[in-house]
Ligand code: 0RA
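What follows is a single chain, given as structure tokens, in the form predicted alone.
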Amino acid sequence: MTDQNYSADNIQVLEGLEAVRKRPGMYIGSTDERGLHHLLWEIVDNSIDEAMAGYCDKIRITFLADGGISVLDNGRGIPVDKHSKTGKSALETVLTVLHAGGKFGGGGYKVSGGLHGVGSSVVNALSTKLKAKVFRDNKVWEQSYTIGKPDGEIQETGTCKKTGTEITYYPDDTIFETLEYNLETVYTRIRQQAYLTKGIELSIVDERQNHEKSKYRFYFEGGVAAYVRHINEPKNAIAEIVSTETVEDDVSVEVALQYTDSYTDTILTFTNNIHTSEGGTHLAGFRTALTKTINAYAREHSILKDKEENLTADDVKEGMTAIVSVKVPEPQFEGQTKSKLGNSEVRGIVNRAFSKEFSKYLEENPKDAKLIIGKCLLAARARLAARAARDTVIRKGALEGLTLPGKLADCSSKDPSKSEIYIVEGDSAGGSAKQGRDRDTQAILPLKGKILNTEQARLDKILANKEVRSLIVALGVGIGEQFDIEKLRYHKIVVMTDADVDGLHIRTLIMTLFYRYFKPIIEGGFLYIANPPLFKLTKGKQAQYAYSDEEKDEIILSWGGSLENNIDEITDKPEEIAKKVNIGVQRYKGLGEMNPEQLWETTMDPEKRTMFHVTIKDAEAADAIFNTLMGPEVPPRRKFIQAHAKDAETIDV
């Protein structure tokens, strides 16, 4: 399908390309793996825009054997005629001028998902080579670039009967810290785009050397309803999927939801296929419609009695998975990251669209309606019980009535930006940590045993757990309705557990608590995992720590190979070398085996320690893995263990 009105005049120029290579972080966020993937998203988003406009239904991403990445679509093809303002072809304008494209009011697109409108030109600037091939008007056009500059004029190189664009680029290794794309990250993003743009076929081909040759295809006719079904696959649904699709004032609204028997909710919102992690007016409209419709139905059918208070927004979202996707011609985002939609008119449009469909669903499915409202009523009772429990635990604002937990060894600093808390497994390790810490800035909170699995518990049960309650009080942010990230007492929260299976299990339980009830702490970048050594190696007066088996072996080989005597007897096996040259190898199974000085110098000294920073790269994938590992269903967990058993590195026998 070719739009004869789509030409060079549709390409609007805002400003020239400047300083992209000098300050790449300004345009793609970073130069690490995340920034590398951002290049791909920018090119793919251009093809997705063609699909949303109705001109494209196939997109193929190919990881080439020579290190290049190719993105091919069957859209209209980037215009190649001369642009009136730049004097260059529209193709060259798009690829060399920042903020040039068909998304700035030139009539190229009604809606667009391009992240910043800088995509193609920034990818070109940050690539050693880029080749563009355009298929349109029964001709093939090509142009190549070197570090953002054209190698020559655009050339007509052949004839064809198809339309589309193919961009092949080679990321610059002098800019990026890594050139290795993570296929799982790509699959997740592309699968998401396929759900949000139903009827489009997205395929990924991997031709790279040292990789298994593979091809994946994503195609979903069901749209967001299929997306909800995918997320809920490991969960027990208690009702059918409700979905609606409507258009009002050029704003397209797609909503799908389904209730499960879990205690947590998953709500993902999108604007023009961009994930709005902080929600916005579309989320507000959906939540208002959901709460109002359920309360109206419950009142009308006498499920809620006259004396009972209405269900709250938190009550009606328990156990729910929902996708809210809107396509808006002129989206207004709050902040630079486009994580929150600000268009006020969208609230009413989503409210009206979903209210009508959900009300109809409840009336036509009374059995499902009864199950859904019954679950909401249970959530309300739990909320009231939790409020009563919380009122005895947490004071309004920061901490009320209660002093800090007795087991907490607090730091003297009251500045959260300079304070850190170590959540430590057991009293033994807690004792060493308390003695070895910097008392000015480091607090220690020992937790006894395995804390409650919060994946399978409501708030009232969580607040009844002594260990979890101690952690909540120590952090100072409250929980549930009273959660306030501004009250966080420590800007570094470090989970420090043993390196055995029990320690890893405890770490997982703690991570589950943070993900389900303190997610803003993770999103704010405040959560870390300590990295204590696994081994201490000694040879005479020499001592060195190793943080992995590989590092231990390297140290042994290095010490053994440097000895002049008995060199002929030394083998290449680290265990034999250690015995022959009297290298002592101590394996730390628990933090309590280290004395305070050792724990300080290896794991707690800010000048020497290494820690893992906990982030949420993809909320959907994180939600799924927590549900699989910590949820009530055994079969998905067994399947996961069987699939990944060969990858397990830490197994206690």
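Quick note: we count residues from 1 along the sequence shown, nothing fancier. Note that the structure is a prediction, hence the values are computed from the model and not measured.
This protein has a second form, the form predicted in complex with the named molecule, left out of what is shown; the following refers to that one.
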| note | Given 45-53, 62-70, 591-599, 31-39, the stretch touching the named molecule in the predicted complex at heavy atoms within 4.5 Å is 45-53
| query | Here the chain is shown alone; which of Pro79, Gly119, Pro532, Gly285 has a heavy atom within 4.5 Å of the named molecule in the predicted complex? | reply | Pro79
| Arg469, His83, Arg489, Arg136: which sits within 4.5 Å of the named molecule in the predicted complex by any heavy atom? | Arg136
| query | Can you check whether Thr269 is within 4.5 Å of the named molecule in the predicted complex, heavy atom basis? | reply | no
| How about Thr165: is it within 4.5 Å of the named molecule in the predicted complex, going by heavy atoms? | yes
| request: Just give me the residues of 483-499, first to last, that have a heavy atom within 4.5 Å of the named molecule in the predicted complex. | output: none
